[in-house]
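Only one chain is given next, in structure tokens, and it is the form predicted on its own.
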Amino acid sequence: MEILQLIQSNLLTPIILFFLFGIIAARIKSDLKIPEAISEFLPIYLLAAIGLHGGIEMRNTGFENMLIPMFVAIGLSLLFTLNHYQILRRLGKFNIFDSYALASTYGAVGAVTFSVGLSFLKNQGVTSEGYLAAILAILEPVAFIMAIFLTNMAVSKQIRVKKQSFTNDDVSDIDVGLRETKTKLSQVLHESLTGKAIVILLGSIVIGYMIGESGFSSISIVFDQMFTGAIVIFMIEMGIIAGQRLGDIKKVGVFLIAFAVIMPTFNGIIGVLVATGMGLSLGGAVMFGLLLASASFIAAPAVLRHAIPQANPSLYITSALGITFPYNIIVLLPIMFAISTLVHGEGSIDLFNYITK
């Protein structure tokens, strides 16, 4: 199966078509809108479904089997976040605040993207390790915490330098500002761990672990059979929001547009190869890569608007939702699936011959 054929078949799935439909509706300025109650309910439902399956899988395979993938994912997330910052700061010439905000946005994970990835694998008839849902929950706050910590260190260093040229009254004001800056890390930690997305995901994982497959059977009609349908409806809203952001893409600049495509591709492919080396299945490698390739556009604005208020929200929201999210679910997912199929020795993909045609 060729990569272009995978992308083409992916484009014709209900999830992608309804996402594109939402974009078109936004661009023609339709008054189409998902009711607020439904738009608030669907993310909770999707996370609960993912968490339940993840908890059941953890019970079946054992918690110890996810430790190595979990620590590797955390390490790669931190490494990629630092790499993002260096690229944005040195090559993109963004200021410290925008660089760290963008770096953490692309170091975090996207639960919506993860949901789409699960449906993509289901369409391909492939399964993945369910415990990756637990890694999803753990990775969410990691990049934010590190980025805020490093931002605080950078700001503290600037303040110490400026203290030397200020009066005693000015120094007193600076000390107050410094203490306020240092409290942000604890605030971010609290917001990240107690946000509704993480709470419902972790809670569902625990419940899934406790009830097992026998307990899940009574609610499977809701949290299994209806899963894809719920994503389809949610994709309409995501398409509408992305369509509204298309006009802002030109404002983020060519460099950030390229960054929003190249970095997820690099991170995702590395993730697939590393996951394969750890022994994850074909589908597990794809989902592991997707965790590292996705960008947070739901949790990021909620956390960063308080943690790094100096950063420009239009940069990290537009790039993550308007560029990276569509690219990931339409193009990158098939690419990672093709690479995972190749390195797992299944199927008949010959990337070299395909590229040199």
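Computed from a predicted model, the values in this text were never measured in an experiment. One-based numbering along the sequence shown.
Only in words, not in the display: the form predicted in complex with another copy of the chain, which the text now covers.
Stretch 40 to 48 is the contacting one of 60 to 68, 323 to 331, 285 to 293, 40 to 48, since its residues have non-hydrogen atoms within 4.5 Å of another copy of the chain in the model of the complex.
The shortest heavy atom separation between Gly203 and another copy of the chain in the model of the complex is within 4.5 Å.
Phe223 belongs to the set of residues with a heavy atom inside 4.5 Å of another copy of the chain in the model of the complex.
Of the heavy atoms in Val72, none are within 4.5 Å of another copy of the chain in the model of the complex. Proximity of Lys196 to another copy of the chain in the model of the complex falls within the 4.5 Å heavy atom cutoff. The single contact residue among Leu273, Ile207, Leu82, Val261, judged by any heavy atom lying within 4.5 Å of another copy of the chain in the model of the complex, is Ile207. Using a 4.5 Å cut-off on any heavy atom, the residues of 4 to 19 that reach another copy of the chain in the model of the complex are, in sequence order, Leu12, Thr13, Pro14, Leu17, Phe18.
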